[in-house]
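Only one chain is given next, in C-alpha cells, and it is the form predicted on its own.
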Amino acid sequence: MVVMFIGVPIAFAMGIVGFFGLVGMIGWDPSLAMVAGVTMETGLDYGLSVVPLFILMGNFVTHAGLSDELYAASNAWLGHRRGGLAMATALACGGFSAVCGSSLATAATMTKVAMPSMRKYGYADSLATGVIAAGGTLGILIPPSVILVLYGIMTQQDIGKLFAAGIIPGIIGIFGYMATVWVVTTINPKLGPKAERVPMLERFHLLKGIWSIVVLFVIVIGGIYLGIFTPTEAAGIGASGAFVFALGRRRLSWLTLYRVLVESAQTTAMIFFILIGAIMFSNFVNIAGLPDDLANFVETLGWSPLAVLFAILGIYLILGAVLESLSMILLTIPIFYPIVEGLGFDLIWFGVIVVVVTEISLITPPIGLNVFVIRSVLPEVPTGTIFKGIIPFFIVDVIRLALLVFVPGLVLLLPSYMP
C-alpha cells in the first residue's frame, strides 16, 4: 500500500514487494528464476487466452453501437412511466454488461447514450448520473466477466460455474436498481418525469434491434453452461460473433478495426502485467506463511465463520475507497481465499460475494471509479451531485449483498445444475 501511494502502478508495486520479499527469504537466484518462470508461464497459459478474447468481444460490441439499440428498446417499453428513462438505463446497463464485461466501459458508454434523453425530459442530474454509475457496476458481475475469470484462475475454480453463479445476482441487481428508481421518483416525482408513450407496434419493432445481443449472450453463456464448449472456446466464438455483428451493421471501418485491436491489446497487456505482479506477490505471501498464520490467528479469536466473513467484507469496503476493482481483488484473494476455504465456505459463492462488494466499491467515495468516468464525460456535473444520486443505489447494493450472504442458494442454484 505504501509503494502504491508513492505513485508506483499497482502491477509494479505488487511485483517489487513480492520479488524483494522472496529475495529476503530464498535468495537472489531462486527469486530471479521465479520472476522469469512466472512471466513466461503467465504469457503462455492457455487458460488466460480467455481474457483478450472477451476484451475483444466487448470492444466489438461497443463499437457496433449495440448500446444505442438496447437503450432505445428499453426506453420504448419503460420511458412513459415516472422515472422510466432511469429504469430503462438500469436495464440497458445490465444488457450491455452481459456482452461487454467492463464496468468502466459500461458507465462511459451509457453516459453518452442515456444522458441526452434524460436531460431532454427534465431528469435531475443526480438521479440520471446515479443510475448510470450504479448500473455500470454490473459489468464485472454479469458474465462474461474478466474479473471472475481471473478469480477462477487464482483460486482454481471452474470459470463456467463462476459465470453461471453471477447471473441471478446480476438480475437481482438490475431489478433492485429499477425498484430504487421507482421509490425515489415516487417520493419526489420531479426527479424523473414521464416521457412520451411509444406506440405498441414501434416497441416490438425496436426489440428487433437487440436480437444480436440476446443471441451472443445465449451462445456464449448457454454453450458454457451446457458443457458444449469451454470458456476459452466460448470467448473465441463470442469475439467472432461480435465481429460479424459489427461488420453486418456497417460500423466497422479499417480505422475502427485498428482501434479495436489496439485497445484490446493495451487492456490485455495491462491486465497481464497486474496478474504477473499479483502472482509474484502471492508467491511471497504463501512462502512467508501469511495465510496459515492469519488462519491460526483467526482461530485464536474464537469468532464464528460468519463474523470472520463480515470482517473480510468490511476490509473490502474500506479498500474499495482507495483501490480500483481489479487491483483490489488480485491483491487480496491470495490472502483471503485460503481462510475462507478453511472456514468451510464455497469458493464459487465467495467469488460472487467478492465481486458484489467490489461493485459497491466502484461507487464508494472518495475514489468511486465509475463516478470519475461519468465526470470525465460530463465535466459540467459536480462530483458531489453524482455521489448524492448514488446514495439510494448504494443502500440497495448493501441489501443485495446481505441477501446473497444469508441465502447462498441464490448464487449456487445455477452452478449446481452444470455438468
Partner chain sequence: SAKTTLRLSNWIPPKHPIAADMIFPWAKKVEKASNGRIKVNILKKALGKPPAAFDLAKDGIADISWGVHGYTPGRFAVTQLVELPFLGDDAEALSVAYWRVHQKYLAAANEHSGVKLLGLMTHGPGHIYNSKRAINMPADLEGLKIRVGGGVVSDVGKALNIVTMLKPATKSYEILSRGVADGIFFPKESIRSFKLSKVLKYATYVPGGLYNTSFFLVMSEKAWNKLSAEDQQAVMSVSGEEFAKLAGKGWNKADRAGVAAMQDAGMSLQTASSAMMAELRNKLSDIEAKVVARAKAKGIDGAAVLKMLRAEAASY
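Residue numbers count along the first chain shown, from 1. This one's a predicted model, so the numbers in the text were calculated from it and none came from an experiment.
Just so it is clear, the following notes concern the form predicted together with the partner chain, a form of the same protein that is not shown.
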Please state whether every one of the three residues 30, 45 and 418 places a non-hydrogen atom within 4.5 angstroms of the partner chain in the predicted bound form. yes
Of 181-189, 231-239, 79-87, 121-129, the segment with heavy atoms within 4.5 Å of the partner chain in the predicted bound form is residues 231-239
Heavy atom within 4.5 Å of the partner chain in the predicted bound form: which of 227, 305, 314, 248? 227
Exactly one of 117, 282, 212, 332 has a non-hydrogen atom within 4.5 Å of the partner chain in the predicted bound form; which residue is it? 282
Flag residue 337 as yes or no: does it have a non-hydrogen atom within 4.5 angstroms of any non-hydrogen atom of the partner chain in the predicted bound form? yes
Would residue 391 count as touching the partner chain in the predicted bound form under a 4.5 Å heavy atom rule? no
Is the gap between residue 292 and the partner chain in the predicted bound form 4.5 Å or less for some heavy atom pair? yes
If you check in the predicted bound form, is residue 256 within 4.5 Å of the partner chain, heavy atoms only? no
